[in-house]
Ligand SMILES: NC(=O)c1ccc[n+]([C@@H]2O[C@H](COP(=O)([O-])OP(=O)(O)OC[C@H]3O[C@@H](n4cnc5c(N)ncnc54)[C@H](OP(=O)(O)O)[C@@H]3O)[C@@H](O)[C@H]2O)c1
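Here's a solo chain for you in structure tokens, the form predicted alone.
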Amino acid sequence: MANLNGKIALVTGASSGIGAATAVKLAEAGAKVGIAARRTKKLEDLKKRIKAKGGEALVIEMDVVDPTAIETGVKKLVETYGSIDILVNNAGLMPLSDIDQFKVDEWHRMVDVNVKGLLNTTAAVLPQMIKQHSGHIFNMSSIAGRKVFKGLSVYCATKHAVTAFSDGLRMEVGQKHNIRVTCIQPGAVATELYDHITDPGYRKQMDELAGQMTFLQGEDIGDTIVFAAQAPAHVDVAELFVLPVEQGW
């Protein structure tokens, strides 16, 4: 297993859930972590948690929908630590609703954050990784990037896009630039994603689901990311499909 000591990581959507847990796990494994999100108060609290465990973190205010904010954040991280070795494209939204409810604003917001946001961040970080001739990009897809579910049509479309982009990116930058790409595809995870659901019927459904099975925790996905990041340099764990034992769908 490769050592992450001294590696520099950038985690988007780091203010809660999978992003926050992944930042902690990477720091515990020896990486210095740029923690990026819009909610800096939560990031400051996360930084304290990381420092209390002997880790190092840099707070970066970043909205992945804003390319200028991303460029500024990436520049800040490189200037502070000298490189970016790991990017975790984690920022995402999941407001469930049926298409005939016409929550068009929610559709566009999902495309802006889940797809364009991921592309924006990748575009900002890739030049540094190409310059280094090394790096590892983690893209957060979902079981919804492999299967389609009612009420999740647009979300599934965005996560299918992430899965397709991840595989194409791996093929284009792997051999040419020595950059690894891993697509993470979680099943049911206890996160703030469900707080974005404005449809009461689907919100109730998700709450009932949480009572029927033991959801994964953000830490489980963080451990999965660290596992793939620590693989030997010649190994690219291209996809990881991670879900609760009790998840039968």
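Just count from 1 along the sequence shown to find any residue number. Computed from a predicted model, the values in this text were never measured in an experiment.
The form predicted together with the ligand exists for this protein as well; it is not shown, and the discussion that follows is about that form.
*Asks:* Which one, 85-93, 126-134, 99-107, 172-180, holds residues whose non-hydrogen atoms are within 4.5 Å of the ligand in the predicted complex?
*Replies:* Heavy-atom contact with the partner occurs in 85-93.
*Asks:* So in the predicted complex, does any heavy atom of A157 sit within 4.5 Å of the ligand?
*Replies:* No, A157 stays farther than 4.5 Å from the ligand in the predicted complex.
*Asks:* Report yes if any heavy atom of R39 sits within 4.5 Å of a heavy atom of the ligand in the predicted complex; otherwise report no.
*Replies:* Contact check for R39: yes, within 4.5 Å of the ligand in the predicted complex.
*Asks:* Given that the ligand is not shown alongside this chain, does M62 nevertheless sit within 4.5 Å of it in the predicted complex, heavy atom to heavy atom?
*Replies:* Yes, M62 lies within 4.5 Å of the ligand in the predicted complex.
*Asks:* Taking the shortest heavy atom distance, is A188 within 4.5 Å of the ligand in the predicted complex?
*Replies:* It does: once the ligand is placed as it appears in the predicted complex, A188 has a heavy atom within 4.5 Å of it.
*Asks:* Tell me, which of E192, E219, E56, E44 has a heavy atom within 4.5 angstroms of the ligand in the predicted complex?
*Replies:* Result of the distance check: E192.
*Asks:* At 4.5 Å, heavy atom to heavy atom, what parts of 220-249 sit next to the ligand in the predicted complex? List them in sequence order, or say none.
*Replies:* Counting only heavy atoms within 4.5 Å of the ligand in the predicted complex, no residue of 220-249 makes contact.
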